[in-house]
Ligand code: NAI
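Only one chain is shown below, in structure tokens, and it's the form predicted on its own.
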Amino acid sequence: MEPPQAGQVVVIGSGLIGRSWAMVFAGGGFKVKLYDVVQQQITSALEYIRKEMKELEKSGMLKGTLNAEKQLSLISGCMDLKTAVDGAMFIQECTPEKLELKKKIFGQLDLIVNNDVILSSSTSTLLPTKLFTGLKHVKQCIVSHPVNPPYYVPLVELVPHPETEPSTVDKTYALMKKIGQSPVKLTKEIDGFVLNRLQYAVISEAWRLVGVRMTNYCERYREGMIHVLKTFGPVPDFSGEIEQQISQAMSERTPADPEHLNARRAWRDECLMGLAKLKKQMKSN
């Protein structure tokens, strides 16, 4: 069994994406500091990660060469940002998709990090020029946009700021490969990057044809989708009667309360795990 990797990673935000990133980095053998401003959120995240890793180990789908207990020992929570980033070589931000919130976080990080750490964002729609312009450490900044959840879907889009050092891109690419992800480099930023341009095109056309659900999805991503889709031609407004009809139809299949939504997420992750297992078997044949 290989020893843990040298170097520490910080995950900013302990929601679903932050939790999954923490598992990915620990699976790669890295020490992980999981930062959040609410202790209960950190506690819940660590409990969730323990449960997930134990189940993955039972099913033979745990990533990396370390066992679940060893990986779990690499992850710790932290509520003090300065303490969390001390000694870090890579920081993955996973806060909600709000520009001002993310800019505030990167502004705080800019004041306390050294010249070697990489500052990376999980944003799905916010451009690097919106997030990083004006930071004194802008050369160390990059967007590393995962597919949710990154533990089960390895694709990561790497999008540099115009001032990002090529070495930052190369180091991020190498790190993502090391932890088992499948990074794709973009040479420059573009609204929606690549993944969401493709996804939004499908969502937009589905809306035109029959309409799609998702009150929660629309609330979170409506502005970003509309911004990207303005380059595509006539854009639906993703609201109104169609939204309500679809939301109602989908809620009949999966009620929108936490219990049913969490069960649906668990079902999704189980399906993704099965797909990952199939891919693993195909590679070994």
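Small disclaimer: the values here were computed from a predicted structure and weren't measured. Residues carry their position along the shown sequence, with the first being 1.
Just so you know, the form predicted in complex with the ligand exists too; it's not on screen, but the next bit is about it.
Checking Leu74, Val169, Val138, Ile105 for any heavy atom within 4.5 Å of the ligand in the model of the complex turns up a single hit: Ile105. Residues placing heavy atoms within 4.5 Å of the ligand in the model of the complex fall in a single listed stretch, namely 37-45, out of 256-264, 243-251, 37-45, 55-63.
Proximity of Leu16 to the ligand in the model of the complex: non-hydrogen atoms within 4.5 Å are present. Of the heavy atoms in Arg220, some are within 4.5 Å of the ligand in the model of the complex. Within this chain, Asn148 lines the site of the ligand in the model of the complex, having a heavy atom no more than 4.5 Å away.
Mapping the unseen interface onto this chain, Cys94 counts among the residues with a heavy atom inside 4.5 Å of the ligand in the model of the complex. For the partner-free chain shown, Ser122, Thr123, Ser124 of 107-127 come within 4.5 angstroms of the ligand in the model of the complex, judged by any non-hydrogen atom.
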